[in-house]
Structures are given as C-alpha cells and as structure tokens.
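Only one chain is shown below, in structure tokens, and it's the form predicted alone.
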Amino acid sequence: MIKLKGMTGSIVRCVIPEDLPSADFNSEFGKVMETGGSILNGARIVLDFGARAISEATVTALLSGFVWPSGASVAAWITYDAVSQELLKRAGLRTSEPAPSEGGPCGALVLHRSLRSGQRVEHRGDVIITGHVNDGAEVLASGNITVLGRLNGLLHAGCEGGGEGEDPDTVVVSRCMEALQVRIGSKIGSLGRDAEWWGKRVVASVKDGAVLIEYWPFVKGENAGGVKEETA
C-alpha cells in the first residue's frame, strides 16, 4: 500500500513499496488521491521508490495519472537505481532529497538497508547506512558518510567541495573497510588489501592534503572480529 508521510518544510512523502507490482500503480495511486486529495492539492511531494527501477513509461503515467490530477508538484523523485537516476536527470527531474529550506543542507539521511551493485545514493548532507555497501554501489554526500556494515563500494564524502572551500572535518566511517578507494572532497585515497586495518573499523579523513585511514577511535581492541557476512 502506498503511504503518505509528512516531512519538514511542508513536504509530503509518497512511499511506494518496492514489492508493489507496476500493474497496480493506477489503482493504488487512485486510492491515495481518494483518501489524501485535500493534502495533495497544492502540496510539494517526494515520490520515494526505494531501490525500484523507474522507466520512461512509469514517469509519464505518474505525471498524467497522479501528479497533475492531484494538483501537487514533485519536489524530488527518489530511487537508488543508478540507471533510473540518470533517466530522471536527463528529463530535468530532481533526484536528491529537498532541503527543508532550499539552498541549505538537508538533515542526515539514514538508510536501514544494504546497497547492491548498480544502486546509488546522492544526498546533500550526512548519510548513515546501517547495512552493507556492496561492490558496484555508490554513495555521494555533501557531508559525512557512515557505513555500519561492510564497505566494498565507492563512497564520496564532501562531494560538493572544490578545494579551498572543503570542510576539513568531513569523514568516512566504516565498521568493515573493504573498499579499494575512498573520496573525500577533491582528495582520492587508494587503499590496499594488505593494510593492517583492512576489514576493520576505521575512520577516513583528510590530513595534510591526503586521505588518512585510522582505526575507529577507542575500539582498536575490538577490530579483530570484523563484520559478519550478510546471508540474506
């Protein structure tokens, strides 16, 4: 069932379950307009598809069958599918979370999931992921990035930095570092599997113009165990 959730800044979030068949979109969005028509009229909405892929046909159908009839305007189209993000961007549609007041940073984005290959998260603010970031997945954030699972994919923290204006306190935190590269601002750190902290809890930051990897503060003695492999 599609759900409507209030957000800060008078924005309504429309959450579309990833397991909802596309064939049921018309009827489910029809129910949303029946029950939440007064809320949607004149509102700014975020269409949240999770990791679902979005086709051109889906975009066209939603605009003509839901967005325009409801009187709402779409503040963002959220999907973690990288191919869908590129399609939406080519159409001039926003794919990142709107800030509470446009122009400012967003709050922290917390994702209680793992990211698979081909999935990408872009956020103007900090990002916290409680699952794994697998090889082939990407996370781009203007702020800090924390991964509480295993990190194999590509992270770029402080991605809006451009050199002199970069935040020196921006960090990448991982509970199990197994990525070959980490980007912080304009700096790129190439990592090696033979490092003593590989597979351990670490913090990556920029020191003296280079990416530095250090043990997660106060837990060096706990690092031997690593992180249990996800089986699901």
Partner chain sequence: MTPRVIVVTSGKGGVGKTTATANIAAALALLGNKVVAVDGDVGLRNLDVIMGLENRIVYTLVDAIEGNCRLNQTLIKDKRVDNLFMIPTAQSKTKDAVTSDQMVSVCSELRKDFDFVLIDSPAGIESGFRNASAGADEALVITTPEVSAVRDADRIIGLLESMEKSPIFLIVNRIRPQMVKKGDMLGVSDVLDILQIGLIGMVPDDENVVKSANEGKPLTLGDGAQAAVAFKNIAARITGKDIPFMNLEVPKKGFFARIKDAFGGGR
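Keep in mind that this is a model prediction, so the values were computed, not measured. Positions refer to the first chain, counted from 1.
Keep in mind that the form predicted together with its partner chain is not shown, yet the notes after this line are about it.
Considering its partner chain in the predicted complex, the lone stretch of 26-34, 64-72, 44-52, 182-190 in range is 44-52 [heavy atom distance within 4.5 Å]. The closest heavy atom approach of residue 210 to its partner chain in the predicted complex falls outside 4.5 Å. Using a 4.5 Å cutoff between non-hydrogen atoms, residue 116 counts as a contact of its partner chain in the predicted complex. Taking non-hydrogen atoms only, residue 123 never approaches its partner chain to within 4.5 angstroms in the predicted complex. Its partner chain in the predicted complex is not approached by residue 98, whose heavy atoms all lie more than 4.5 angstroms from it. Along 21-51, a non-hydrogen atom within 4.5 Å of its partner chain in the predicted complex is carried by 21, 22, 51, in order along the sequence.
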